[in-house]
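Listed next as structure tokens is one chain, alone, in the form predicted alone.
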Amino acid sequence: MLAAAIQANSYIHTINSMGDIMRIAVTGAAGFIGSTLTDRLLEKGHDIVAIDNFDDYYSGKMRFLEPHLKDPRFSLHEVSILSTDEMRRCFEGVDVVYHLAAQAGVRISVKDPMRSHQANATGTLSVLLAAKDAGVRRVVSSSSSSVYGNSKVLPVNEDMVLKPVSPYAASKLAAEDYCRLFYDLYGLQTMSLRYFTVYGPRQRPDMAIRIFTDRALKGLVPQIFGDGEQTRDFTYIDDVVDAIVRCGTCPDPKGRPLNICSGRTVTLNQVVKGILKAAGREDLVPEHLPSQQGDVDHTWGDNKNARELLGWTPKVTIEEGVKRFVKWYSGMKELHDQIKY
């Protein structure tokens, strides 16, 4: 944990429509997607204002930002997004805000709905207010495929009726509405990215692929909630970050949501089988547990709009992505104690 914010460097670059160097703020910068995005943006030469409150949801996030602490193009602020005044100061001179800070997790939202609402709905409102006041050009906010609920029509597209089935999903939909309103009322360029089950290196300890992999490497039987025939549109982290980066310079999104997904679907049983094979533990037979409240049965997204607006195509298949993740996690033994059984 940082004792105080690391102050921003003094120089500010400018942007033009061709995507030159920008000053970019990333909220939730120490998290799974946020830290990977930060790496990519620094590689492209941008100035990064990283923001994270380093809450206790899970430990060890600082490790992914530490390599950048001496980079003059990088500044780190330990701040809550609920502090609008602090956000406003962080956003001074910023061109684009990538808003990734959130309280993730369907199951924790069922247990504590207020926690999800405050972080995801109220937190997004705070970020938008600060961005508007600071003169930020664009805010790219993080939503979720969970806003679709248990849709009877698949794949889902951005024009379909939404019916969240968890407090987490409801809080993300409220955040989307705020983004749209800030475009309509104040002219702030906004967009909400509906992520579909992002996975890959650095993913959180509470995410299914990491838990399945952790158990396999420890010789423990994988535990699947439900019969395992639930389907998911898994999207690899590298593809997701590629899409996010493109959102900084794409044509004005006009407050609209955008599906960020692979456009393919696979059952949890198939995913677990692939993990066991990659881990060399095909001898382990999965155990099936009762379904969890708030989980949806199927996710499958139509990514046509993202392809057209961003010129983006997801490249990593679930088979290749699982192999990459198992290899990465096998080499990160210091993270293996984050998951307790």
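From a predicted model like this one, the values you see are computed outputs, not experimental measurements. Don't overthink the numbering: it's just position in the shown sequence, from 1.
Separately, the form predicted together with a small molecule exists; it is not shown, and the next lines address it.
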{"property": "Stretch from 263-271, 166-174, 245-253, 88-96 whose residues place a heavy atom within 4.5 Å of the small molecule in the predicted complex", "result": "166-174"}
{"property": "The small molecule contact at Ala30 in the predicted complex, heavy atom, 4.5 Å", "result": "yes"}
{"property": "Ala208 within 4.5 Å of the small molecule in the predicted complex, heavy atoms", "result": "no"}
{"property": "Touches the small molecule in the predicted complex: Arg180 (any heavy atom, 4.5 Å)", "result": "no"}
{"property": "Exercise: Lys61 in contact with the small molecule in the predicted complex, heavy atom 4.5 Å", "result": "yes"}
{"property": "Option touching the small molecule, based on a heavy atom within 4.5 Å in the predicted complex, out of Thr231, Ser75, Gln189, Thr197", "result": "Thr197"}
{"property": "Heavy atom within 4.5 Å of the small molecule in the predicted complex - the one residue of Ala102, Val136, Val147, Val156 that qualifies", "result": "Ala102"}
